[in-house]
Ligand SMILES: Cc1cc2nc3c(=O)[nH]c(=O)nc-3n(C[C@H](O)[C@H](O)[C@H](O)COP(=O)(O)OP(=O)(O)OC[C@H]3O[C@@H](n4cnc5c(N)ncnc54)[C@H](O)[C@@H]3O)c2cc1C
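Single chain ahead, written as structure tokens, the form predicted on its own.
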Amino acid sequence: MAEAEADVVVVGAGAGGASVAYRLSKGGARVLLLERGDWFDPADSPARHADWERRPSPLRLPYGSSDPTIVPTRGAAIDKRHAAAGGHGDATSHWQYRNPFYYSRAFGVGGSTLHYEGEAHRFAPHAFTPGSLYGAGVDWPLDYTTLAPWYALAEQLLGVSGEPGNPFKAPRENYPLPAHPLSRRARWLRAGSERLGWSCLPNPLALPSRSIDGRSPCMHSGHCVRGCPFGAKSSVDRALLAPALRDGRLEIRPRMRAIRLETRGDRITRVICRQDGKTFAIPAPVTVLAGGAVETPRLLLASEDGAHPNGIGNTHDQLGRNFLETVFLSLPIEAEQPIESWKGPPLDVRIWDFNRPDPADGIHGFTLSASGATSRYQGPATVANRISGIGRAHRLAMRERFGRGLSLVAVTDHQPHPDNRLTLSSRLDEDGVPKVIVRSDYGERDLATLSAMEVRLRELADACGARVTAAPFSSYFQPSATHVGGTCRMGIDPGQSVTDNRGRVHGMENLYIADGSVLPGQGMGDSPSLTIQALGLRTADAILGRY
């Protein structure tokens, strides 16, 4: 496809960008999809090698490494009244500030779906109106019923496996594929939760339970976060982009990074890109940004010009504000019996009993789950290094304890606040684009919810007969986000938002956003990927004039 032939230029090939590109190309539009990273080959998954525990992930930056986008910045001051939030107790006496923000993401065709665990959640109806119902967060400019058809379409395209009848969600039709048989770990967790009167339910997953499109079904290896070694997971490179390419109306250019947008009045005219040290100017009749909640506002802020002196779409100083982290807490435990904690889909059950908040208690909605595959306990070498002793005694202890360790996990929303934001730094990256500074803090509701989550996880550990093996890991002290949003949030009022409810940037005729940055909230503990995909499909239909 020649540069001038594209009807739509999409920037970013993750959950949102791939959904838009798929739907537009299937609808007859010629689409050029630009992706900063490269294609992922399942053969490159560490799990294809015997020494997989020692191999770095090919998908994301190692923890503690230099981020190409974010300037490491000391976090907000720790509120000493909540110094124990996350279970650190007296150990937090030396903590004065939050650690610098760490963004756990993947660069590549498929984006963060390359390393996500396949969770495919429809947000509950009450998650769309938290302001009206609970006096927390903000109401969305659309409701669950409006988005439901695109949720259903996204599930069909991904081959989501699940079980209907979740009493904490809206009534729905059957999932495209049946739920996976519960792992031994999940059955053990369910037994403990039932002792507490809680409901532990199958988790809907974009991990096909039987073969679709010629792909292997999920093999229950638990290696989702390292890139599926079998090519079975419905990451968007395989589930959406591969079939779209066959129609001939979609072109994907990997290793091509958008560094600036050019405008004429209220229209984007060209996308300026860099690839292999060369600069390209690509005409853009319609532009869709889908780089995520950090890269999309960064590109818009860095594209200031005479008509947009504060960045494109930033007339009311909303761009980059209301940054939403992932608020989570994990509790390392060890079961009293072997439960094959390393085996099965990483998160095959969830507990939604606490997903609906009580307006009177100051606690937000959250969910609970358990994972061995994403914890420090999945691999034998890692576990062996944590068991003391040598020789025969160590070998016997390893046989006894391996397969018992896992992490209980709780997740909630980050409450939006305009001062939680990202701004441009004076430092430039290798392509001359300003890096960003992320400033983010927790409010009273965030901290109260974090403490409540710890209480519930400890109750669950006790009910399961498990032993807590270490202090919880809390996002209050170490921001380590996978789900981020809010920085270009959608809304009705242009003075309080960046896009409308179809993803079009206020004041721009041909510029849309289709990624997590448009999310006003995070579903009260649910994973946002399916919502991003459903919104992306809806944005594509708006561009096609279908509604």
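Here the structure is a predicted model, which is why all the values come from computation and not from measurement. In this text, residue numbers run from 1 along the sequence as written.
Beyond the structure shown, there is the form predicted together with the named molecule, which is absent from this document and is the topic of what follows.
Proximity to the named molecule in the predicted complex, taken as a non-hydrogen atom within 4.5 angstroms, holds for one residue of 365, 162, 372, 291, which is 291. Proximity to the named molecule in the predicted complex, defined as a heavy atom within 4.5 Å, singles out one entry of 115, 404, 122, 238, which is 115. With respect to the named molecule in the predicted complex, the three residues 12, 107 and 527 uniformly fall within 4.5 angstroms at the level of their nearest heavy atom.
In short, of 48 to 56, 497 to 505, 482 to 490, 23 to 31 it is 482 to 490 that has heavy atoms within 4.5 Å of the named molecule in the predicted complex.
Although the partner is absent here, residue 521 lies well away from the named molecule in the predicted complex, with no heavy atom inside 4.5 Å. Put simply, residue 532 is close to the named molecule in the predicted complex: some heavy atom of it is within 4.5 Å.
The shortest heavy atom separation between residue 42 and the named molecule in the predicted complex exceeds 4.5 Å. The shortest heavy atom separation between residue 257 and the named molecule in the predicted complex is within 4.5 Å. Taking the named molecule as it sits in the predicted complex, the stretch 29 to 44 comes within 4.5 angstroms of it through a non-hydrogen atom at 34, 35, 36, 37.
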